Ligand SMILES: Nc1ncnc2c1ncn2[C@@H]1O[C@H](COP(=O)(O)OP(=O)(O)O)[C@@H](O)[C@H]1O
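Read the single chain below, which is given as structure tokens and is the form predicted alone.
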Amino acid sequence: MGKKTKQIAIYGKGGIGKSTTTSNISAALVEAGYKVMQFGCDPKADSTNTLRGGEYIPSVLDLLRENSRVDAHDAIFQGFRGVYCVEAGGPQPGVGCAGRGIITAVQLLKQQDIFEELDLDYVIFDVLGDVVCGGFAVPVREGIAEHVFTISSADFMAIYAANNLFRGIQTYSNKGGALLGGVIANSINTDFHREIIDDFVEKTQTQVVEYVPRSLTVTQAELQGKTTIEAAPHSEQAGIYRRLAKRIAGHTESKVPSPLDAKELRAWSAGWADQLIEIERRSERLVANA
């Protein structure tokens, strides 16, 4: 009998660096000798590009549009150091539910016992986190993922999306849903950014798993169609991603977060806005008196 596969979901709003971070985690884990599958859950089907030299792969829904019956193996492609890549895909533009691809793809792989056959150590679901409903909620709602992490910057809309995810986890927690491992703080380049994230996780009773700075190294790697782990393995940024991957791999204690309600979140963000305005005023006074 094969080992138990650890299933992890990483959520984040569009454009937050979710797929970039997830792909570097996957690359770091396969580099460390683990068997890993990255399961892209974005309708754009671009989660695994940098694990495969910038190449797109056909999604599960693409294959099902061509054939009523699909062998799950036809939807699995290998990338950097043998990492397995799957894209759920989405409907044709303007038609159907974008979350349907996740439901269909998960069912296909589970029905054909793919996780067991490949004897995977980790399956990492890369999930769009702007909304936590329908298919996008499957990894949380169905408990498919044992541990959920969210990627957030210090920007309000990213924090808003993270707080919405916390609400979803709280809703499904008493029905066997997944629990929260913590927040991956992305694009953290100033103390002020870090203070905002630290305050948010304190208010919602969760934790920061890692602080990931914005780095030109990541941009350079992606322009080559690669992860930072592959393109710049000795860089400081690659070291940060390896540390993050190690923490996620070793994580065991997830919990139900305490999301802020709409009024609390607005009051919290307004308070930080006032602090930012005061910091700018102090800076202007220092420049004027110099």
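Note that residue numbering follows the sequence shown and begins at 1. As the structure is a prediction and not an experimental result, all values here were calculated from the model.
Not pictured, yet referred to below: the form predicted together with the ligand.
Comment: the ligand is not present in this chain, but in the predicted bound form one of 254, 59, 237, 49 has a heavy atom within 4.5 Å of it, namely 237. Exactly one listed residue, out of 178, 196, 72, 212, brings a non-hydrogen atom to within 4.5 Å of the ligand in the predicted bound form: 212. The stretch in contact with the ligand in the predicted bound form, judged by heavy atoms within 4.5 Å, is 218-226, chosen from 257-265, 61-69, 218-226, 27-35.
The closest non-hydrogen atom of residue 246 lies beyond 4.5 Å of the ligand in the predicted bound form. Using a 4.5 angstroms limit between non-hydrogen atoms, residue 153 is distant from the ligand in the predicted bound form. For residue 186, a non-hydrogen atom is located within 4.5 Å of the ligand in the predicted bound form, even though that partner is not displayed. Shown alone here, residue 39 lies farther than 4.5 Å from the ligand in the predicted bound form, counting heavy atoms only. Along 16-40, these residues reach a heavy atom to within 4.5 Å of the ligand in the predicted bound form: 16, 17, 18, 19, 20.
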